[in-house]
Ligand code: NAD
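Coming up is one lone chain in structure tokens, specifically the form predicted on its own.
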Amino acid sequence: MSAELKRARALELSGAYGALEHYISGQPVVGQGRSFDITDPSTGKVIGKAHDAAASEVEAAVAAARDAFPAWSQRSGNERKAILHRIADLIVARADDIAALECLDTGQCWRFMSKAAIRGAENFRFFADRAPSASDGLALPSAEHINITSRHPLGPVAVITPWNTPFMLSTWKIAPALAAGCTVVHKPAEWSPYSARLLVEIAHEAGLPPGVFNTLNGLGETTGKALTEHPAIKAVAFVGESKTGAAIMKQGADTLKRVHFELGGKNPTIVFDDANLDAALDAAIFMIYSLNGQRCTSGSRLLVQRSIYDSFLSRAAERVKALKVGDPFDPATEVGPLIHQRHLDKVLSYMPLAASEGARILAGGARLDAAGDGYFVEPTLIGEAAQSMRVAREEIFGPVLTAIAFDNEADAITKANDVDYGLAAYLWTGDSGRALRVSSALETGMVWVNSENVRHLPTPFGGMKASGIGRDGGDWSFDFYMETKNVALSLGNHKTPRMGVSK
């Protein structure tokens, strides 16, 4: 299918919704709150509207999730497994439609979004297969008791997802919640809500009961805040900016709400001079310029040993200049537009800042004027950066790579850790001992050694410091969506202390 036909299909799908509705208790609901525009990042044109959820709509969605929880939580794990597998089947069947919508309202490239639906289906299958054992616990015997643990679903939860890869990240949160027996109220990002609507429709087509999974459109400061403060919502799973995570924690404090945060990152790619430099270069380019640089795990800091710094950056600059920027629907495009004019302005603001701080822009550094009204920025490489510079410390969240030289192993560790964030790190070296030492010393939740980011679903995913709270993946997801209970059964051979009796 040509790029033109893919775009036409995406516009047909989005246009079918008119003003994008909420989805509550198995039915579309016309929004009554203030409307906001949905734009195509590649053209800057308005392609639709959605409504911020009114207070009554938030109440209706939460009530639907609350009322559906008893029956859904009591369904057997095998029944939940069957429904989640049917959701996965339908996701695969609609893979091209999902990719088209993601390209349209996020500007992400077809070459990556064509795989997004498949990854989303894998998320549902992975947690579907774990649903029958989600409640399982441990037998922990002692001399006088047998302790039996079990897990129980929390109740209605809110899932608030970001705009960068919305479909995949939504499945990563919603699938384990449903598998655990929770019910869900989902608020997708206001800048990219279309694929969320398609997901909730697919779920109900697969046989998910009404009220188990509801979707509300809206802004974070209104709809999001109403969910995070609602007493019937037992937990909030959020992916987004660190400052927003801090606000959500405050909003949920009065109701002692459980939170799970996947937040920002300023992740280092550390290249030692004994590494496979060709592979390291490939990975360094991929991990910042794929997904338009709008990914929490992007390798946005390039730490290179000083002995190879100049030659490595010279090669990197050539690759950055050769990246194909353009229509996200074109399979040949490697970098598409940024999500929104506000975000474009933010990313561009770092270019003069880099120069004023004493860094040097080796490639890119400007808006792509040939792109018309789309939110395109040239892939950018910033060299001669120092650890103290804002471009080396702050999350830019765009196709911008900041390169810093280091002298030795200790210097690399110090510079890698000297930021507020601690989500991921990428380490390139031919020395296995160094790989172990540096990996252990890095203050990050995840480290890939001689590899780009390759997710294995049973492993824990999450960060330290300002990068988040909690872990996704495997049973770590169930630890968030479920409560653990211990029952101690006496063997009848222990002596209970006596009080209030004569000696």
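Every value quoted in this text rests on a predicted model; they were computed, and no experiment measured them. We number the residues from 1 along the sequence you see.
Below, we refer to the form predicted in complex with the named molecule, which is not included among the displayed structures.
Not displayed here, the named molecule is kept clear of L368 by more than 4.5 Å at the level of heavy atoms in the model of the complex. The named molecule is not drawn, but in the model of the complex it has no heavy atom within 4.5 Å of Y375. In the model of the complex, the named molecule lies farther than 4.5 Å from every heavy atom of A355. Contact between T228 and the named molecule in the model of the complex is found at the 4.5 Å heavy atom cutoff. Exactly one listed residue, out of L344, I160, L291, A392, brings a non-hydrogen atom to within 4.5 Å of the named molecule in the model of the complex: I160. With the partner omitted here, the residue from P268, G181, P188, P337 that has a non-hydrogen atom within 4.5 angstroms of the named molecule in the model of the complex is P188.
Each of V239, L263 and F397 is positioned with at least one heavy atom within 4.5 Å of the named molecule in the model of the complex. Stretch 219-227 is the answer when you ask which of 99-107, 320-328, 219-227, 271-279 has residues with heavy atoms within 4.5 Å of the named molecule in the model of the complex. Heavy atoms closer than or equal to 4.5 Å to the named molecule in the model of the complex belong, across 406-423, to one residue only: L423.
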